[in-house]
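Take a look at this single chain in structure tokens; it is the form predicted on its own.
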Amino acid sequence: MKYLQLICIEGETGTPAAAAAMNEHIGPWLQETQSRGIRIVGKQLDEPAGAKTVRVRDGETLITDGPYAATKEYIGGLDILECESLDEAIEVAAKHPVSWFHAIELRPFASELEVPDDLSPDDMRYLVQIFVDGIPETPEVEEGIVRDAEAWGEQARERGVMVLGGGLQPKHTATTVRVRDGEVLLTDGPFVETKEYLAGIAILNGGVTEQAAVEFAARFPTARYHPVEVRRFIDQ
């Protein structure tokens, strides 16, 4: 099963000693997970202040600078993991040095995620985060959203704009992992509680401009009802 691993930064980045520990141990974690075939791909995100939040109301695209939610917690990066079970995903997350000082959220994908065999971090330019608030629209609207979302994904893949994307299982399936004094602490649910929660992601390729990414996000059907956030990955 494939899991989305969100690297969650809680407030300040911490002390110099914490930063040094994370930098020292991230290499061995990457080496181990990649050698075991667990970590498929991942990349660090740019600062949340550079995000664009996109909404479409009455046919007009509204763009707000910054993340959709003004919280001290934010997502600093992500990984796509292939694990046999949630227990294995938790084991992997607990070894990630960020979990020793901040938090890691694990979310299973709603259906089998198609990952290109040759996908590399260089192919990842923008992350589109699709949020919902859990309040269903009318059955007719919901059916239209599902239909339009499928068409959106097919078009994005045909155009080569989206290199990877998929919906996530409901927020109650999320598991947040923290390690404190050697003890693994688990919390059910997302790492931060907000009105809207992450329902899916799309990763756009290295040739996409910010303007194109925002326009692309505005065409996702839920943008008419909920926020869609666009964040750039850090060039490596």
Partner chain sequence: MTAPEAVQAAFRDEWGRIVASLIRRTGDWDLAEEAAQEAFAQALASWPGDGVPRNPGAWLTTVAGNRALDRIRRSARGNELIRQLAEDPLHAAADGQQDDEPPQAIEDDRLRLIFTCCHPALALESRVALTLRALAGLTTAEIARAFLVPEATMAKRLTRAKAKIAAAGIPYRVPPPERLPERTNGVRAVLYLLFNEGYAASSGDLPIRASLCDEAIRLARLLPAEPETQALLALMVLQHSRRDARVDDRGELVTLEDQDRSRWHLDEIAEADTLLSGAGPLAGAGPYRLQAEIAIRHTREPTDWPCIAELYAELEALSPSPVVRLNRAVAVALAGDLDAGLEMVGELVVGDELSNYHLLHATRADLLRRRGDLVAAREAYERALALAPTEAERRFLRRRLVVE
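Positions refer to the first chain, counted from 1. All of these numbers come straight from a predicted model, not from anything done at the bench.
Beyond what is shown, the protein has a form predicted in complex with its partner chain; the following relates to that form.
Here the chain stands alone, but in the predicted complex its contact with its partner chain, taken as any heavy atom within 4.5 Å, falls in 87-95 among 87-95, 114-122, 152-160, 139-147.
The candidate site formed by Met1, Thr173 and Leu186 is fully in contact with its partner chain in the predicted complex, as each residue has a non-hydrogen atom within 4.5 angstroms of it. In the predicted complex, at least one heavy atom of Gln169 sits within 4.5 Å of its partner chain.
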